[in-house]
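We've got the same protein chain twice here, in two forms, each standing alone as structure tokens: structure 1 and structure 2.
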Structure 1
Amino acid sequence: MTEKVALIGSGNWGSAVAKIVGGNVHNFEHFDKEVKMWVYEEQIDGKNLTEIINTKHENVKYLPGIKLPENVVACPDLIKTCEDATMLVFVVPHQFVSGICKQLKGKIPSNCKAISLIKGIDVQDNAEGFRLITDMIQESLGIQACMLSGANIADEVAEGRFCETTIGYRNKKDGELFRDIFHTPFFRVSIIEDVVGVELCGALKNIIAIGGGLVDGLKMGANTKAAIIRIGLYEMRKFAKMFYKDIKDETFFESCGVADLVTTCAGGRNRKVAEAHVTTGKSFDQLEQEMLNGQKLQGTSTAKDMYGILSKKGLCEEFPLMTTIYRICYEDVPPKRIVEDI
């Protein structure tokens, strides 16, 4: 049976992934060689972004300087991108997933499966207080969804620098199929039967990165930074296990767990803005506008979402690090409380 991949999304990470997937489909007989990529149409110097991508083979706006394989075909129409696909790769900001799924419902082949590359959770009024992106995809489209997450800063992946990533699966065959389209010698994929664990790691680590940036700003040194990372990993695991029973400890030893947390706390925009919050005294809102060039600060909003869940359930004391980070971001608590309140 031939599989056909569609990429839903074409931002910085989506484009980096397009380079890998477009190359990998040539390595296997069972993949259609065309990879359609849905692009939210924009005008760049009077030209359509899709047209530029399909002629220059470069996403000049979101991943400039990196050639995309010619078999990656940009398409401005979501339905046309996906209607003949058997493998959907979701790589869009998480607030767009619901609308995309509504449009795709009933328009995709019945043997379709999906993978989410989206790091985030969706706050909901359900029993848990949130919904996973993979669950949204599964429920609205009636298909199974895997999750890919790891220490994967997009530009470094696009440049072919060595790194690892993790795919969580429910159905091993799906996990292996998605590994085929992502794995390269410089983008090493491990698969593990734990979709939710992989997904929660990707969502929660941005909160801890705020903590890492705060202790950097406070110049507290390497021991303190390592302690924040360790406590963060502990709280991420504790949270995952409290809400889902099949979470594996092993997941936190994978790239999606410890490695992504380490990268995010070493570089990344959340860390950087939190450090600036300490050194300049400016608010996170103001710094987001000044420093991020239109990108959103995920760590603070995820901290707020998590705090909403934890406080509703009376769990704040059991998650002192995440709670304190929320309070520093939103309640004017002084940054140094990060080591006093945990």
Structure 2
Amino acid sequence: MTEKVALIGSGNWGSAVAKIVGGNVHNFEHFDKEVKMWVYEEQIDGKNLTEIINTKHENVKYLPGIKLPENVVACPDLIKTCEDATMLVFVVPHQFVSGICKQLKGKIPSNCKAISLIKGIDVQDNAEGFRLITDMIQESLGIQACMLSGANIADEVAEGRFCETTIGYRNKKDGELFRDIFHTPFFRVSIIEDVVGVELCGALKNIIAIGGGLVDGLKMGANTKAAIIRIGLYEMRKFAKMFYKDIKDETFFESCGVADLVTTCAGGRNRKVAEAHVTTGKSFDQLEQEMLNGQKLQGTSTAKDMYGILSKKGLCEEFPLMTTIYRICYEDVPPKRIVEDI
């Protein structure tokens, strides 16, 4: 059977992924060689972004300077992008997933499977107070979903610098198929039977990265940064184990766990904007608009989501770092409280 891949999303990370997937489908007989990529249409210098991508083979807005394979075809129509796909790659900000799934319901093949590259959670009114993005995809579309997450800063991946990533699977065959389209000598993929653990690591580390950036802005030094990373990893694992008993300890030692936490606290948009919040005194919303070229700052919104869950369950004192980061982001608490309140 021939598998056909469609990419849902075309931002910085989505475009970096498109370069890998577009190249890898040529390496296996069981993949269709065309890879459609859904692009939210924008005007760039009077031209449609999809037209620019399909003629220049470059996403000039979100990943300038990186050539995409010619078999990656930008498409502004979500349904046309996905209607004949058997493998869906979700790589959009988490707040858009629900609307995308509503549009796709009943419009994709019955043998389709999905993978999420999205680092975030969806706040719900259910007993836990939240829902995982893979669960949203599975429940909305009636298909199984894997999860990819790791120490993967998009620009470095696009430039071919070596890194690792982790795919969490429920069905091993699906995990192996998705490994085929992502694994390269410079983008090393490991697979593990723990979708939930991989996903929670990817979501929660963005909160801790805000803490890392605050520490940098305050010029507190390497020892303080190391403490924030350690406490952050402890709170991430504690939260995951509190809500999901089957999460594997080894997941936190995969690329999706400690490696992603370290790299996100050292680089990436959350750290950069949090540092600027300290040095400029500007709000996170203003800095997002000024610094991120249309990308979304995931750490602050995830901190808000987490605080909603923790406060509803009376758990704020058990997670002092995540709670303090939320308060700095949304309650005008001074950044120096990052070490005073934990």
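Numbers follow structure 1, counted from its first residue as 1. So that the term is clear: the rigid core is the largest set of C-alpha atoms that superpose within 1.5 Å between two forms. Everything numeric in this text was worked out from a predicted model, so none of it was measured.
Note on provenance: structure 1 matches the form predicted in complex with another copy of the chain.
When the chain is split into two rigid parts between structure 1 and structure 2, N206 and R179 fall in separate parts, each C-alpha being assigned to the part whose superposition fits it better. Rigid-body analysis of C-alpha superpositions between structure 1 and structure 2 gives a rotation of the smaller part of 11 degrees.
Look at V273: with the core superposed, its C-alpha moves 3.5 Å between structure 1 and structure 2. In the rigid-core superposition between structure 1 and structure 2, residue position L218 carries a C-alpha shift of 4.1 Å.
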